[in-house]
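The chain below stands alone and is given as structure tokens, in the form predicted alone.
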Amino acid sequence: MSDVELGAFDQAIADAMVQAHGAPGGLPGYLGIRFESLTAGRLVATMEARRELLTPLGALHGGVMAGFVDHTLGCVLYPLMKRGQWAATTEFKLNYLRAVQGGALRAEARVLAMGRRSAVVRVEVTHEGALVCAAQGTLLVSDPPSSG
């Protein structure tokens, strides 16, 4: 995306989100998702495919991968939105490309398009340098409820 399309990037929000990740709490905390970098339209996140997240057959559960992807889909948008707005995934598609049997995962989320009310984000997840999941999602960008 060009700088013109991403003119609303808020570095303070990006910095706060990077610092907050890795703290315990909620699904991202349980999964151990950490943000490595969050820049205008791009988020790099990591997590460890721990033994308790594997299926009885020894592969990372697809729901774990979906949770990792869904979290990065939305979070990449927050520094681009007006303060108080929130993002909600309306749909996303995952292509699982190969099994992961443990180790570090790296997700790179990139904003493909962003309007006033919706955004499209692509996420690629790698393991040991190999692409293991490709995903794309649409998110609704909502204003905070008006007090009244």
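Treat the numbers as computed from the prediction; the structure is a model and nothing was measured. Each residue number is its position in the shown sequence, starting from 1.
Keep in mind that the form predicted in complex with a further copy of the same chain is not shown, yet the notes after this line are about it.
- Taking the partner from the other structure, a further copy of the same chain in the model of the complex has no heavy atom within 4.5 Å of any heavy atom of Arg42.
- In the model of the complex, at least one heavy atom of Ala113 sits within 4.5 Å of a further copy of the same chain.
- In the model of the complex, none of the heavy atoms of Ala14 sits within 4.5 Å of a heavy atom of a further copy of the same chain.
- Interface residue remark: Ala23 is not counted as part of the site for a further copy of the same chain in the model of the complex, having no heavy atom within 4.5 Å.
- Contact annotation for 90-116: residues with any non-hydrogen atom within 4.5 angstroms of a further copy of the same chain in the model of the complex are Thr90, Glu91, Phe92, Lys93, Leu94, Asn95, Tyr96, Leu97, Arg98, Leu112, Ala113, listed in sequence order.
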